[in-house]
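Only one chain is included here, represented as structure tokens and corresponding to the form predicted alone.
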């Protein structure tokens, strides 16, 4: 795995940037893409906030009601209210595909990690100088054709490239050569390492570890004892070690959807109607997926206190494209115990449900 040169491209506030492109009057204004805030009573979360909205402390995955409150706070301080926009995923997917095709013109090996993130192999460039020139060409072509910006990180592996891409946003380009990996990682907060979330960071902070330089002082055995199997991976990442390959196509492991109710409820008629709609949508995706059969159905139920429970059933015989009726029936059987004390002993109200199919055969 030596002498690799890997790029990571991260679109800048992708959804919000595309909304600004689609509606010129939005430019320069705080844009929040997500569900309808309904004046602070809305459900759901923020998908993306542009950089102007982030000045209000609004960020992705934040409850949309909280984003609305922060927008109102900004208004009371004499700033503009944020503009809330319902996601237009067809627009986002189309642009994402265009970006992917642009990258493929410059690299023969590209992995789409998400709708707005891409890894690509720059090893054939043979030098970081040449890799930088290619990255600049990619950035310029995306700016010219898609009218949005991206940030690119370049390093000896996917880990370093990804972290580098996030350091100079928006519209950034950062190169970390192999001999600079340690000095680059050392002063960064431990949360910069993929895989270290709030709970893991809390455990490490209790040990006096706040930056990656401190993390490197811990032995692998110490990290394994504190964090179990995840400790070994973190030990490697703290040293900039990552041998993972660029994977052009990822295997589809499941197809599913979920919905958050406007109000928490235990009304079986309403919930089963929503489940029926989800089943039809998921089954339609399945029929277009290229798979012929599936063997497992799973549902997710989230209660009003955010406790989340999954329930699944696998079948001896596969279900196919003519089995929509059976699919709906089995999904109904899975949800029914949540309406009584079998799986809901305190009869808590339900906030969210989801349905997923897995274990495909082609």
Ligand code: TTP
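Note that the coordinates shown come from a computational prediction; the quantities given were computed from them, not determined experimentally. Numbering follows the first chain given and starts at 1.
There is another form of the same protein, the form predicted in complex with ligand TTP; it is not shown, and what comes next is about it.
Chemist: Only one of 325 to 333, 55 to 63, 289 to 297, 311 to 319 has heavy atoms within 4.5 Å of ligand TTP in the predicted bound form; I'd like to know which.
Modeler: Selected range: 55 to 63.
Chemist: Taking any heavy atom pair closer than or equal to 4.5 Å as contact, tell me whether residue 116 reaches ligand TTP in the predicted bound form.
Modeler: Yes - in the predicted bound form, heavy atoms of residue 116 and ligand TTP come within 4.5 Å of each other.
Chemist: Is there a heavy atom of residue 205 lying 4.5 Å or less from a heavy atom of ligand TTP in the predicted bound form?
Modeler: No, residue 205 sits far enough from ligand TTP in the predicted bound form that none of its heavy atoms falls within 4.5 Å.
Chemist: Answer yes if any heavy atom of residue 47 is within 4.5 Å of a heavy atom of ligand TTP in the predicted bound form; otherwise answer no.
Modeler: So residue 47 counts as contacting ligand TTP.
Chemist: With the cut-off set at 4.5 Å between non-hydrogen atoms, does residue 20 touch ligand TTP in the predicted bound form?
Modeler: No, no contact at 4.5 Å.
Chemist: Ok, 191, 147, 79, 169: which has a heavy atom sitting within 4.5 Å of ligand TTP in the predicted bound form?
Modeler: Filtering the options by heavy-atom distance leaves 169.
Chemist: Taking ligand TTP in the predicted bound form, which residues of 3 to 20 have any heavy atom within 4.5 Å of it?
Modeler: The stretch touches the partner through 10, 11, 12, 13, 14, 15.
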